[in-house]
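A lone chain, given as structure tokens: the form predicted alone.
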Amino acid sequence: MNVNALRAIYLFEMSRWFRTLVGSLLSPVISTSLYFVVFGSAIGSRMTAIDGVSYAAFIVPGLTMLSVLTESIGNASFGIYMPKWSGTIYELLSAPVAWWEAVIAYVGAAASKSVLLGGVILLTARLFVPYHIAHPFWMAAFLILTALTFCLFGFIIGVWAEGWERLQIVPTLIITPLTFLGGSFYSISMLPPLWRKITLFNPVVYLVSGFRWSFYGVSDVGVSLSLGMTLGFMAVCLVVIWWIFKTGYKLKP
């Protein structure tokens, strides 16, 4: 393993993020705080508890997951797209660095940023609503696995994108709607039977459900199924990335 290359890429990506740390953290924290004010305080005070959990506390895992998914895709896609855009990707491809080493470095840096952001969001939530974490280990596990999985997905988007506009297409038109429709603000058991079945085809449901279970011990789907779906999506992303480097798709002229 080329440890020096791993460290160089990882530290470069992290240093770029730390140079804009205030903006990188401030924007999602303010957005999430507004959600807590509107949905938690204004609307939540007028809603009954869901599965024995107050509405304001119920949406904490969903809002955290919303921020983590968005930032994971954005950080990873931007991280690999920049070398493509500037042409330095060819230096990476010609260097004695294996494809999986480059993926570990880029995805590892993007996931580190997302996990740090998730921690900040949870700390911010404490200012608005009291909540407890029933299973801290599984909370951390779901947070890290989700960040890694969607950073891998973001890496694929960054390779696929041929312009700055394309970097925003998938997160804006697909991921954000799926997150809002994935039980971030409600339990899918509240939906009519037909829509409940349709919602089960939304992969974000399993991520939010597993993450919420780690907080309150309640979930819309089985925890094992949530974990299995997350690992399965991660495996699919890894296979796609392996194919990208094997064929040179969008990397080599």
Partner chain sequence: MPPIISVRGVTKTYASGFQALKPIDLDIRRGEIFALLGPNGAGKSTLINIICGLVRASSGTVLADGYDIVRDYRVARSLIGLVPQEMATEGYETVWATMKFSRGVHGRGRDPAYLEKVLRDLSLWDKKDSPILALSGGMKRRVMIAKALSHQPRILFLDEPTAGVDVELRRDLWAMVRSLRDSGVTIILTTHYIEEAEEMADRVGVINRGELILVEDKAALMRDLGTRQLILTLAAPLSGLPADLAGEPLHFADDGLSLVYTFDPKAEGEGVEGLIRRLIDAGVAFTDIRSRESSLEEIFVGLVRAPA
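Every value quoted in this text rests on a predicted model; they were computed, and no experiment measured them. Numbering follows the first chain given and starts at 1.
Same protein, other form: the form predicted in complex with the partner chain, not shown, and the subject of what follows.
J.: Is L11 close enough to touch the partner chain in the predicted bound form, meaning at least one heavy atom pair within 4.5 Å?
T.: Flag for L11 set to yes.
J.: Verify the contact flag for V97: yes if a non-hydrogen atom of it lies within 4.5 Å of a non-hydrogen atom of the partner chain in the predicted bound form, no if not.
T.: Residue-level check for V97: yes, a contact with the partner chain.
J.: Given that the partner chain is not shown alongside this chain, does Y90 nevertheless sit within 4.5 Å of it in the predicted bound form, heavy atom to heavy atom?
T.: Contact check for Y90: yes, within 4.5 Å of the partner chain in the predicted bound form.
J.: Based on heavy atom distances of at most 4.5 Å to the partner chain in the predicted bound form, which listed stretch, 115 to 123, 154 to 162, 82 to 90, 179 to 187, is the contact stretch?
T.: Correct option: 82 to 90.
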